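We begin with a single chain expressed as structure tokens, specifically the form predicted alone.
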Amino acid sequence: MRGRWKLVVALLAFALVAAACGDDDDTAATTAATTAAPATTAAPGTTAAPGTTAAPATTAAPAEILTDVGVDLDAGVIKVGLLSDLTGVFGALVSPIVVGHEVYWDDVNAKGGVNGLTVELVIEDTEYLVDKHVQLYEELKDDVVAFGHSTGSPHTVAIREALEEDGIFAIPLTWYSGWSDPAINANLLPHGVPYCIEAMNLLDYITTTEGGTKVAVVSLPGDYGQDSAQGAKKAIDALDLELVYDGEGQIIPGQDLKPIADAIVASEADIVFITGSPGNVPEIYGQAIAQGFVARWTGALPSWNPAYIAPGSPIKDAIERDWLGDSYIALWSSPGAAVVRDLVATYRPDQTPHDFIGEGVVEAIIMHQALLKAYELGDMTQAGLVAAAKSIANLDFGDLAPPEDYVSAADDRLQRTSAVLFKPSQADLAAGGTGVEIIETNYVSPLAESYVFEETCFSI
């Protein structure tokens, strides 16, 4: 039985990876382009795209605009880099995020670009390798004005000091709570509820609505897994729950994960909080349920993948019964994701629906507003873009994601809202959706609401 299960897990992991594969240095004062374009982008079938607060409705062209790297006013081009895991462990999730960037900028460029400037994406596959991530950053930093995303917590940590020293800003494709800590984050614009606070929302919601007191916590090591696990432990303490298995940092890719599944089963937990990747979560889950174990399972959003409930998945029925998750953005079938569906229908009509396309759109909106603000201030240098981005006080994404504040004190700007709580749904998947049933929107638990944020939950 064990050998058969390992084969099934290997086939599922292969399917997930296959899905991922589918798809001058001196500052100069330059005369500005004089074409004024709307500060917001009208998406197909909508009146306006989200993200309307960072710049006026139209941006008057300054007499001069400073530029250095990544902005060529004569050629009418802005280059934005993406450090993306396209073929590594999170490739199945990051590939559709890149699609979100592409369709958003296709739409912006079709409607005049950023005040007449066309945005070009420079996309590199980091393979979720820290050394390659750093290498690609070094290669791109003299070619792009900023980074539209940087995949992975340890990877972004690895370039964090360089971003500050080089005066370049990036949007982290990671929800590490450290990005909300000014002592750690100088040149990053995060969005979404951090892993630590996400865990509080999930456990508070589950125990309040369903009950349960015994919790097993298991995670990958490092900033992603342990920030999430620390949030779960804070929730366990605050809610007077019992930690019956502490597997923080115990998911080691490439090692035998059956001992973790065995420990979860032996703990007799009511709730399993797991933070892993689409390659290891189904292995641990599958080996636990193969022993007859039933509990409520939950965890950080990157732990979830719709492939778990796809036809042929050996865990589809059980995980539909057991999983409850959340999202940092409105999911594909949500009313708030209408702008995403319209963009895809217009620019990628053959694209398979995916919830994470919306994440790419949100990241692109952040970049768009920073570029507009920098243009308005007459400084589109890399450092000028950092200053412009950090001056955005209230970035409104409509219903696609909770608003963000990049100016206030850390505790005030901390994101506490899970955009969506969901359960898996094979019926939704069969109907052309992304396999989710939405049960709550814009959820903030009492625990997350009252939490005082003074420093990151997990120290690097």
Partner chain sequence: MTVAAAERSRTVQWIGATAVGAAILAAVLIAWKGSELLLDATANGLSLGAIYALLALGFVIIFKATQVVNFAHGAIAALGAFFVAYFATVLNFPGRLATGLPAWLQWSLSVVVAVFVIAFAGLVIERVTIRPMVGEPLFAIAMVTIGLDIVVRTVTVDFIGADPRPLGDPWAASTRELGSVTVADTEIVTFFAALVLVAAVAWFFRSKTGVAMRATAFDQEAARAQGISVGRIFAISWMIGAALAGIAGVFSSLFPRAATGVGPTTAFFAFRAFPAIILGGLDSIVGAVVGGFAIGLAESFAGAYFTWSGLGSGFAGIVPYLVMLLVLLIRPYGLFGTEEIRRV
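Numbering follows the first chain given and starts at 1. Since the model is a prediction, treat every value here as computed from it, not as a measurement.
This protein has a second form, the form predicted in complex with the partner chain, left out of what is shown; the following refers to that one.
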property	result
Output flag, A235, A295 and I438 jointly within 4.5 Å of the partner chain in the predicted bound form, heavy atom basis	no
Answer range among 109-117, 339-347, 193-201, 285-293 for contact with the partner chain, defined in the predicted bound form as heavy atoms within 4.5 Å	285-293
Residue (of L377, L73, L324, A307) lying close to the partner chain in the predicted bound form, criterion heavy atoms within 4.5 Å	A307
Interface residue in the predicted bound form among T381, S333, S313, S267, criterion: non-hydrogen atom within 4.5 angstroms of the partner chain	S313
Heavy atom of N185 within 4.5 Å of the partner chain in the predicted bound form	no
The partner chain contact in the predicted bound form: G254, any heavy atom under 4.5 Å	yes
The partner chain contact at G212 in the predicted bound form, heavy atom, 4.5 Å	no
Interface membership of T207, the partner chain in the predicted bound form, 4.5 Å heavy atom rule	no
Stretch 249-274 - residues with a heavy atom within 4.5 Å of the partner chain in the predicted bound form	G249, Q250, I252, G254, Q255, D256, K258, P259, D262
